[in-house]
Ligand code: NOJ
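Listed next as C-alpha cells is one chain, alone, in the form predicted alone.
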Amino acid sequence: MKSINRHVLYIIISITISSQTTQAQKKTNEQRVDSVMSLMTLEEKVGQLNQYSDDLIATGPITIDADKASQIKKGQVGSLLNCMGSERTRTWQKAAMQSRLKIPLLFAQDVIHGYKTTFPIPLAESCSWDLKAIELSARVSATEASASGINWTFAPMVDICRDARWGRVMEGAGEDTYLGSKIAYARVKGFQGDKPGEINSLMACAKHFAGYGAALGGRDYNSVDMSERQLLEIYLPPFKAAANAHVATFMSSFNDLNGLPSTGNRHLLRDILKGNWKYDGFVVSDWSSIGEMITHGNVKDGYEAALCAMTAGCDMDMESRNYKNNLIQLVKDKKVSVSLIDDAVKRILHKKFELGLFDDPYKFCNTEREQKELNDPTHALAARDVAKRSIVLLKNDNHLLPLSKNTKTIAFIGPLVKPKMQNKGFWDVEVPGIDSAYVVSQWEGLVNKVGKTSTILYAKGCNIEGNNRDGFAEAVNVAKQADVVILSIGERRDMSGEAKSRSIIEIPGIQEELLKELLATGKPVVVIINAGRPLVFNYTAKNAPAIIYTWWLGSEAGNAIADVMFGDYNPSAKLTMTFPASTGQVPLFYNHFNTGRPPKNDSDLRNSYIDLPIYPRYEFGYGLSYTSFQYSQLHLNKKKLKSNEQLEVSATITNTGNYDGEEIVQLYLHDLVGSIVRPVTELKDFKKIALKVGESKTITFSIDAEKLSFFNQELKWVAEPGEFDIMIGASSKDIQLKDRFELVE
C-alpha cells in the first residue's frame, strides 16, 4: 500500500513539474513577444499582418508587386505563401533578416493531401473511417513539406457539405458532423505533431470559417443562408474539434453568411471563435477575401474593408494589400484602436516563437533533410496503405471480385488507364524539380501485380469528354480476347476542386456508352470510377457486375487499386456522402428531418418528386466487402438513463464469409420527440474492427447526455428527457440491430 502511495505521489509531482515547465515556457514566449512588440513601430506591426504570394506560382488572382523583396527587407511582410523548396525559402528568409528587427517570415502552402508523396483526396480518405490512417497521411505530408522550407499548411478543410455539385467536396470529410469532427481532430494532430515547433510538423489551418460548404446551389463562393441553430449544430462542430486539437490558425471563408461576408463577420470571429471558444491562435483571410468585401457590397472601398475585417477579428490579410494600404491611416483617423492591431500581431508572433523561428530562422531550410525526406521509400508505402483503405466496393455480383492472379488474359480499357497525373486529384502540389515518374498509373499497378502471370491488353476506348466513338471498335475487339474486362472511367481530376462546381454530376461524355458496348460482348466487366465527388451513374450501377469507387487515390493509385482488385486487401471503406440517383435530388443527406407528410415510397407523391425517386443510389455509410458480417446479441445495460450516467450498449459482430476483413460498425440514434424536430437518424459513434474468417468480436459503445444533446429553440445545448431509438448497422440504411431506451430526469 505504501509503495502504491509513493507511486501516486511520484506521478502527481511529475505532472506538477511538467505543468509548471509548460507554463514557464508559455510565459517565456509571451515575454519574448512583448519584448519584440515594445520595439516595433506601427508600420512594422502592420507589416506582420500581410501575407504575399511568391512569384513562381499562384492559387488565386495575382497581385503584381515589383518591390516584394524590398518590402520584406523593410519588415512590411509577415508571411509568404506558394514558396517551396529549402533554397528558395532560405533566400526569402535572408531578405527578412535584413529588416530592422529581423522578424522571420512564415512560409505557407496548400498541402491538402500530400506534398511530393500524394495521398488520396481528403473525401476519399474520409471513406476509410480510419482515424489513424488519416492522421498518418497528414503526418507524412507535414514531414515532406516541412523539409522543403514550409511551416504552415492551409489544411484541413473541415466544411460540412451536403451538395455534391460543389467542387470542393473533394477537400473535406463529407456530410456528417460527428464523423467530420473526428477527422478534423485527426488531421490537425497529424499535421502538427505532438508539440509546436517540431522539425517535421506544420502549423495547421482549419478552414473555411464558416458555412462555406452550404453555398447556395452548390456554386463556389456563393451566399450561405441558414439559421443560427443549424450553424451551431451542423457546421461549426468540426471547427470546434480542430480548436480542441489546438489548431494553430483558422481561415475565414469567401462566402457571405446571412448577408455578411465571413471575413468581416464579428459574430463568427470575435464572439464565437475568440470569445466563446477562447481561441488563442490567429485568423488569416482567404485569398484577397478582405478586398472582395468591396465586390460583395458591404463596404465601399479598401479603407472600409480593412476597418471591417480588423474590427471583426481577421488577423492576417492574404494578398489583398488592404491592411498594408489602410490600417495606419485607420489608426490615425481613430477608427481602429492600436490594441486591436497589437492583439493580431501578438497572435502571429507567438506562433513564430512556438515554431522556433526566432531562434533559427532557417530551421526548415535544410537541403540535405529535404532530399532525404522527399525520397523516403516508407512514404510511398504509407500512401499505398491509405489509398487501398479509401476504395469503396459498391457492387460485386456473383463474387466477381477479387480477380484471380492466374487470369489468363485481362483487357484494361478506358481513358484513365494510363495517365499518371490524373490519379493525383485536385489540390496536389507540383514540387519544383520533381517529375511524374514516381506516380504509379493504373496500368503500371496492374502490370506490377500480374504482369508476369497474365497477358494484359489495352485500349483507350474514348476520351473523358466528347462524343468521339472511333475507339469503340478497338475496345470491343480487345474485350473479346480477354477473360475479364476492367474499365476505368470517371471525371478529370480538375473537374472537382475549387471553382469546379458542376450543375450535372453524371459521368461525362460517352464513357457509359463504352461500358454498354463492352457488356454486349458477354465478358465480365469490373468498372473503376475515378472522381472527386459523388457522381450519378445509373446505367453502370444497374448493369455492371462489379464497381469500385476509387475517387482520386494519389501517387500510389495504381498499386492500391490492384491490391484491392486481386484480393491482397479486402475493401472496407464506406461512403461519407450520400450518392444521388439524379442531380435533381441534391442537396441530399441521410440525417434529414421528417415532414408532417413523409413519403412511404418512391410512388408516394407526398414530399416527393413526380419525375424522380426520392431515395439515393447509395446511402451514407454504404460499402461492401469480399466477406460478410453478421450482427447479433444487442445488449443495453439499462433502459433508463439519467443525465449524469452512461449507457453501455454492446453487440457481437461475426465474420461469416470466406475472407478476413474489416467492418465499420456504425451506431445511430433517433430522438423520437424533441422540442425541435430531430433528424430521422444521426451517427453518434463507430468502430472499425478486423475479423478473421469465423471470428467474432463483441464491441461496446457508450452513450451519455452529451450525445443526446442539441441546440433548442433558445440556442441552449440541452438533452431533453424522452425516448430514443438506438440502431447499429453497416450503413445509415442497413440497420441490423435496434432497441429503445429513455433519458429520464
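On a predicted model such as this, the values are computed, not experimentally measured, just so you know. Just count from 1 along the sequence shown to find any residue number.
Separately, the form predicted in complex with 1-deoxynojirimycin (NOJ) exists; it is not shown, and the next lines address it.
Participant: Of Lys207, Lys116, Lys352, Lys574, which residue is found within 4.5 angstroms of 1-deoxynojirimycin (NOJ) in the model of the complex when only non-hydrogen atoms are counted?
Facilitator: Contact check passes for Lys207.
Participant: Considering 1-deoxynojirimycin (NOJ) in the model of the complex, which of Ile561, Leu81, Ala383, Ile183 comes within 4.5 Å of it through any heavy atom?
Facilitator: It is Leu81.
Participant: Go through 609 to 617, 452 to 460, 284 to 292, 190 to 198 and give me the stretch that gets within 4.5 Å of 1-deoxynojirimycin (NOJ) in the model of the complex, heavy atoms only.
Facilitator: Correct option: 284 to 292.
Participant: Check Val392 for me: does it contact 1-deoxynojirimycin (NOJ) in the model of the complex (non-hydrogen atoms, 4.5 angstroms)?
Facilitator: No, Val392 sits far enough from 1-deoxynojirimycin (NOJ) in the model of the complex that none of its heavy atoms falls within 4.5 Å.
Participant: Is there a non-hydrogen atom of Phe364 within 4.5 angstroms of a non-hydrogen atom of 1-deoxynojirimycin (NOJ) in the model of the complex?
Facilitator: Contact check for Phe364: no, nothing within 4.5 Å of 1-deoxynojirimycin (NOJ) in the model of the complex.
Participant: How about Ala138 - does it come within 4.5 Å of 1-deoxynojirimycin (NOJ) in the model of the complex, if we only consider non-hydrogen atoms?
Facilitator: Ala138: no contact with 1-deoxynojirimycin (NOJ) in the model of the complex.
Participant: Using a 4.5 angstroms cut-off on non-hydrogen atoms, would Trp427 count as touching 1-deoxynojirimycin (NOJ) in the model of the complex?
Facilitator: Although 1-deoxynojirimycin (NOJ) is absent here, Trp427 would touch it in the model of the complex, with heavy atoms inside 4.5 Å.
Participant: If we check 1-deoxynojirimycin (NOJ) in the model of the complex, which of the residues in 498 to 514 reach within 4.5 angstroms of it by a non-hydrogen atom?
Facilitator: Counting only heavy atoms within 4.5 Å of 1-deoxynojirimycin (NOJ) in the model of the complex, the single contacting residue of 498 to 514 is Glu498.
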